[in-house]
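Let's start with one chain on its own, the form predicted alone, as structure tokens.
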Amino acid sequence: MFETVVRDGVVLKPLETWHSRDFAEHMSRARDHIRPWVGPTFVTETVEGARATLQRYATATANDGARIYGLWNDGRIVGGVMFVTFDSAWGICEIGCWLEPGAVGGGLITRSVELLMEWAFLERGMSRVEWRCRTDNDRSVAVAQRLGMRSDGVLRSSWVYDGRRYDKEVFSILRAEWMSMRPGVAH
């Protein structure tokens, strides 16, 4: 997958280190909105920090691991999705996401995650796709549910933000479950 239209001209494509300036500008618009929900090393404040984040993903991608994709609208990053983890030996990956405030509510994340799930299951033969989020992140929980994922349980007190501990919920969907929801897709 190099570039694909997600919805209404918004394009999903890999984020690479040469996008560092664009990613840093995006983070300045998204930072306050996403910080409670994503790891502190992801939320950068400088171009150098953006380059470091994108380089971590580039290195992981080169090793058949994590991958990161931006959602671009009119030449500007408005959010993205990623394989937080990608373990082809075990056939398990975790997908994550983020959006800046102006892009929320248009279905971009649900459709983008569907595209990543399709690639993971059909192209790479993954057995399980996971989704992890704070239990109080209602939008993220709703995405998992819309995608047909089941709750595997809660990791109590496993997320720290602003000096406070939160619970995280683990959702997943198995290849057979996903395939049964997609009529006409060869099993």
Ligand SMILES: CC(C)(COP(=O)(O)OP(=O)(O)OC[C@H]1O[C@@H](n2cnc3c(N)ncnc32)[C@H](O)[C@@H]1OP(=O)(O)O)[C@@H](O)C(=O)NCCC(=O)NCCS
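Residue numbers run from 1 along the displayed sequence. Worth saying up front: this structure is predicted, and the values here are computed from it rather than measured.
Not pictured, yet referred to below: the form predicted together with the named molecule.
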Among 55-63, 121-129, 34-42, 149-157, the stretch whose residues bring a heavy atom within 4.5 Å of the named molecule in the predicted complex is 34-42
Within 4.5 Å of the named molecule in the predicted complex, do we find a heavy atom from each of 24, 28 and 77?
-> no
Residue contact check: residue 104 to the named molecule in the predicted complex, 4.5 Å heavy atom | yes
Is there a heavy atom of residue 108 lying 4.5 Å or less from a heavy atom of the named molecule in the predicted complex?
-> yes
Taking the shortest heavy atom distance, is residue 116 within 4.5 Å of the named molecule in the predicted complex?
-> no
Residue 133 within 4.5 Å of the named molecule in the predicted complex, heavy atoms = yes
Those residues of 65-80 with a non-hydrogen atom no more than 4.5 Å from the named molecule in the predicted complex are none
